[in-house]
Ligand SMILES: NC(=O)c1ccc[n+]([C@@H]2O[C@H](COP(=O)([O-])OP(=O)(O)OC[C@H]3O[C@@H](n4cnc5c(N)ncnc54)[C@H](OP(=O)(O)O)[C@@H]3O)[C@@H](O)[C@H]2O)c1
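Just one chain follows, in the form predicted alone, and it is written as structure tokens.
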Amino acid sequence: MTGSTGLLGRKVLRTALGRGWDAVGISRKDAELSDGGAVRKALSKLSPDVVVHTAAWTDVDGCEKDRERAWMVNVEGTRHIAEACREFGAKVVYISTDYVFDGRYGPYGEEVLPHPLNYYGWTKLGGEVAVLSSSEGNLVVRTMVLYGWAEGVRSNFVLWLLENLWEGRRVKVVTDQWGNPTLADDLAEAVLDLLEAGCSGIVNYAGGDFWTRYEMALEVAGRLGVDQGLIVPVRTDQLGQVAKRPLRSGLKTWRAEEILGRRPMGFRKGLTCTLTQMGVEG
């Protein structure tokens, strides 16, 4: 699995090992994604049956400013993974994003044609094309607003909220971005379950609630028992971000629910899991 030092990569690796799988993580120090030879060499040593490709450059504004790097990592890097896996007869599971859509008419099902608003979205769509065109047995799992805790991983929206609200700092949170907040632990379980079910093509898996970022922030403040007045409501266009963001986004998860026989975890339960792992609750 790629991206083994990131939040989702760690969760997938831990979950796979917990199921008794012979799982190994590959990080950037093992192979730079943009280096096709290094990728092939790293995978040839492992001879994997499946590669779960969680690694990506996810800095949305960074991708907008440095398009060459974004393309090399997110598209060319994914193509290198897909080509090597095709050569070795391995299946690819590619983690993608709701940012392949423009956020005008969400939530979106798997059948909707993508139309990204920003360059990050275009690179993730390019990665999808590379994976799906390489083998009809490959799987793309689209998700969004990933959150959760693991020691040493970089921050995400929920951890950023927790840190600032604990310290009594005011935060600006958008009221006009909708989506499904997704607990990384729940997504990791779903990815492995979809693999065990033999899925291919595109499957959406995102959290069971459809909330704004502002509603998420209010829930976090309420759980911590801090003043909700610390949360300053703003519109996305007031933040001056480099890249455009999809507003009414979201992912429909009906296909995954039918395959797995369950709904994705809701935000309140996911927040409880996160706080418990951090030693705040439980």
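What you see is a predicted model, and the numbers here were worked out from it, not measured in a lab. One rule holds for the numbers: they count along the sequence shown, beginning at 1.
Another form exists, predicted together with the ligand; not displayed. Remarks below refer to it.
Heavy atom distance at most 4.5 Å to the ligand in the model of the complex, all of 103, 117 and 176: The answer is no; none of 103, 117 and 176 reaches the ligand.
With the ligand left out of view, which of 63, 231, 256, 33 would have a heavy atom within 4.5 Å of it in the model of the complex? Only one listed residue qualifies here, and that residue is 33.
Within 4.5 Å of the ligand in the model of the complex, heavy atoms considered, which of 51, 55, 70, 220? The residue from 51, 55, 70, 220 that makes the contact is 55.
Using a 4.5 Å heavy atom cut-off, indicate which stretch of 241 to 249, 55 to 63, 220 to 228, 41 to 49 touches the ligand in the model of the complex. Going by heavy atoms within 4.5 Å, the stretch is 55 to 63.
Interface membership of residue 28, the ligand in the model of the complex, 4.5 Å heavy atom rule: It does: once the ligand is placed as it appears in the model of the complex, residue 28 has a heavy atom within 4.5 Å of it.
Contact with the ligand in the model of the complex for residue 146, defined as at least one heavy atom pair within 4.5 Å: yes or no? Yes, contact at 4.5 Å.
Indicate whether residue 95 is a 4.5 Å heavy atom neighbour of the ligand in the model of the complex. Yes.
Just checking whether residue 154 would be counted as a contact of the ligand in the model of the complex - the rule being heavy atoms within 4.5 angstroms. Residue-level check for residue 154: yes, a contact with the ligand.
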